[in-house]
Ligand SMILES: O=C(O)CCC(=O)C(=O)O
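Take a look at this single chain, the form predicted on its own, given in structure tokens.
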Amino acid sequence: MHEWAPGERERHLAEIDEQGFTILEGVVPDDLRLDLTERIDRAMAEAGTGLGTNVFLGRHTRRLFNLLARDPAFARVPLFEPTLSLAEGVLDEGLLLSSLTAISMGPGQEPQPFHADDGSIGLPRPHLPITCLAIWALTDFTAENGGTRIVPGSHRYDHIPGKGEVTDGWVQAEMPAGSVLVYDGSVWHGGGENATDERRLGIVSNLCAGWIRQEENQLLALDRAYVAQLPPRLQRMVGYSVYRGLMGHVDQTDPGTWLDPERPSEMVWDRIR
């Protein structure tokens, strides 16, 4: 269990609210970071993960999607207490795992276009947070190797970046390996240029409000027998749950009880008098 210093969690949440992002420096233990790196390399080799095919995905970048299905050890990422605690503060405890992706940015990668991760959601902007993301730095993130470029305060803009739109005022998320960048999904950001001869490796854990559709369809991506072996909290986060006793039910039943008939579950109809 992570121990927050007095006022530390509140300070990070205030930074996300005010500027759209915060950095948790050095919170990931080295043994976990190195183990995740080894498992990503193995999974990418097994999957034959190739380079991206356009400027957004990155022609010198490899991305491994649906990471949770590759190895149950990746469950440690969305459940990591410091980042999950902040995401709950931005959203609420009914949040879902929207996607989990490993990204290996190779030498020569050009800057990624600015974008907002919730850009596919057609709500007027600015709006309440609906996604909260955590980028894990498994290697150092520097200005030279393409550490994420981010525009402070852009989560309050009234639009998302247009195609090819550039902006001044961005900063670079430079952080040592083992750190995590946590941000509101409305913030304008994009990977920087990797001008070094080494890769930049990270994991993107995308969490969304419990009432919107997940980026990756977790219920189809993960076999039910596999999900049954995951920690109960993660079972709820991938979709075996209901939001506020209603959204996600199956015939007035919490699907989480399919995995554990003894799981406590209060449906909205139980509260209606």
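Keep in mind the model is a prediction, meaning the values are calculated, not measured. Throughout, we count residues from 1 along the sequence that is shown.
Just so you know, the form predicted together with this ligand exists too; it's not on screen, but the next bit is about it.
Taken together, the three residues I103, D117 and G190 all come within 4.5 Å of this ligand in the model of the complex, as judged by their closest heavy atom. Though the partner is left out of this view, F56 does reach within 4.5 Å of this ligand in the model of the complex, counting heavy atoms only. Proximity of R63 to this ligand in the model of the complex falls within the 4.5 Å heavy atom cutoff. When this ligand is considered in the model of the complex, T148 lines it closely, a heavy atom lying within 4.5 Å. Of the heavy atoms in Q112, some are within 4.5 Å of this ligand in the model of the complex. Contact with this ligand, judged by heavy atoms within 4.5 Å in the model of the complex, is confined among 123-131, 182-190, 160-168, 74-82 to 182-190. For the options L138, I135, L96, L86, the one in contact with this ligand in the model of the complex, meaning a heavy atom within 4.5 Å, is I135. In this stretch, 196-219, the one residue having a heavy atom within 4.5 Å of this ligand in the model of the complex is R200; the partner itself is omitted from this view.
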